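Heads up, the chain below is alone and in the form predicted alone; it's given as structure tokens.
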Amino acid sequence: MPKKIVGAIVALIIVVGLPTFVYLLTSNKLKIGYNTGYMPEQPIPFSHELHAGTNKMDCKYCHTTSEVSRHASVPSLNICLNCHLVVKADSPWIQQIQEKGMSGESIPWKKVHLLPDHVKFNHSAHVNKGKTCQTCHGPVETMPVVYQYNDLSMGWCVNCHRQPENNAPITCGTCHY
């Protein structure tokens, strides 16, 4: 095949294909490997429905770094033990938490909300702008077992950032650095 034809095909792919791909990705029309509904089995059952729903505990009580860090943090066992040294202390699950907490061990919780390594989500930026946890994580206060509610795709995030009331940046470097 002559070089001019190959060059023209490559140019056409770049000029038409790349913008089309980016449009499909950012408009949420193209979904690649997202984890909506992902619900890994945890080493100890934990009900957000009970804690955040019935007991009306603020997410930030357990996820202490959500206002000051990129990461919302998995609660340390001493946070659990603030209540569970006395609340439901006879439960075998709570006894495991007590034993691990008293020995200084941790529980190997499994991450639920998965993002690619090249995406950097900053919890504090969103929390400090007044976004509720439910905006991204869904109605966790109704979840006996927490799961990934939204696909958290680039298109999903960009669509939120594009809302006029959010006044949020949509440059690549906002999330990719």
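Quantities reported herein were computed from a predicted structural model and do not represent experimental measurements. Numbers for residues come from their place in the sequence shown, where the first is 1.
Separately, the form predicted together with a small molecule exists; it is not shown, and the next lines address it.
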| property | result |
| --- | --- |
| Close approach of residue 116 to the small molecule in the predicted bound form, 4.5 Å, heavy atom | yes |
| Contact of residue 125 with the small molecule in the predicted bound form (heavy atom, 4.5 Å) | yes |
| Contact of residue 66 with the small molecule in the predicted bound form (heavy atom, 4.5 Å) | yes |
| Heavy atom of residue 102 within 4.5 Å of the small molecule in the predicted bound form | no |
